[in-house]
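In structure tokens, the next block holds one chain alone, the form predicted alone.
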């Protein structure tokens, strides 16, 4: 499934809820359903700077696509990173680098997050795109 198709699924899921408390609750549920990350990734090396909460993100290349895994010490943040993983994991580096993640605005996430959480969201996206750039560069070098 493409990035846009994954993003559209999330837009459709959020459209079910009319008020933001329901959307927050859904985000919390998304956080609870985030697959558990291996403890070896819960180190400073995998910590995303710029997030109010602790967020660990790992990425590995598998069969030409990047697989992201993450965890956080805050359940809402776990939900946010789970949304990003659903959209960006199992995608090619070029597709991640060229992705327009406007689904975040379409579901109203940015406008309903605190400024610090909003900054954290931007930091998560930057880190995921940085991983994509690194893997793309490695692929070109190893060609």
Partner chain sequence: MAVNFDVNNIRKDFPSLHQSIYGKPLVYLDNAATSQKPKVVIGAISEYYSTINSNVHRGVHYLSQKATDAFEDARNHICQYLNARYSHEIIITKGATDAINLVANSFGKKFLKKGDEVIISALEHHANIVPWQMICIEKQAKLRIIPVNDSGELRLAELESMMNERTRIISVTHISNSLGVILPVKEIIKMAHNKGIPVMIDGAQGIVHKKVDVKDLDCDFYCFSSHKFYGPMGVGILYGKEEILNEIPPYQTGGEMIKTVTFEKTTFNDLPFKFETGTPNVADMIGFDKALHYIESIGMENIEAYEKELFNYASERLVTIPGITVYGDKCERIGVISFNLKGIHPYDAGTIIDKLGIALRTGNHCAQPVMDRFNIPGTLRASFAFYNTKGEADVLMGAIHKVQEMLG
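Numbering follows the first chain given and starts at 1. For the two forms, the rigid core is made up of the largest set of C-alpha atoms that agree within 1.5 Å on superposition. Fair warning: this is a prediction, and the values are worked out from it, not measured in the lab.
Beyond the structure shown, there is the form predicted in complex with its partner chain, which is absent from this document and is the topic of what follows.
In the model of the complex, at least one heavy atom of residue 117 sits within 4.5 Å of a heavy atom of its partner chain. Residue 16 falls outside the set of residues with a heavy atom inside 4.5 Å of its partner chain in the model of the complex.
Though the partner is left out of this view, residue 84 does not reach within 4.5 Å of its partner chain in the model of the complex, counting heavy atoms only. Taking the partner from elsewhere, residue 67 is found to have every heavy atom lying beyond 4.5 Å of its partner chain in the model of the complex. A heavy atom within 4.5 Å of its partner chain in the model of the complex is found for one listed residue only; from 63, 44, 111, 39, this is 111. Distance criterion of 4.5 Å from any heavy atom to its partner chain in the model of the complex singles out 76 from the list 101, 107, 34, 76. Taking its partner chain as positioned in the model of the complex, the residues of 8-30 that bring a heavy atom within 4.5 Å of it are, in sequence order, 20, 21, 24, 25, 28.
Shown in the overlay between the shown form and the other one, fitted on the rigid core, is a CA shift at residue 128 smaller than 2 Å. Relative to this form, the distance between the C-alpha atoms of residue 117 and residue 28 is increased by at least 3 angstroms in the model of the complex.
Shown here is a form in which the CA atoms of residue 75 and residue 119 lie at least 3 Å farther apart than they do in the model of the complex.
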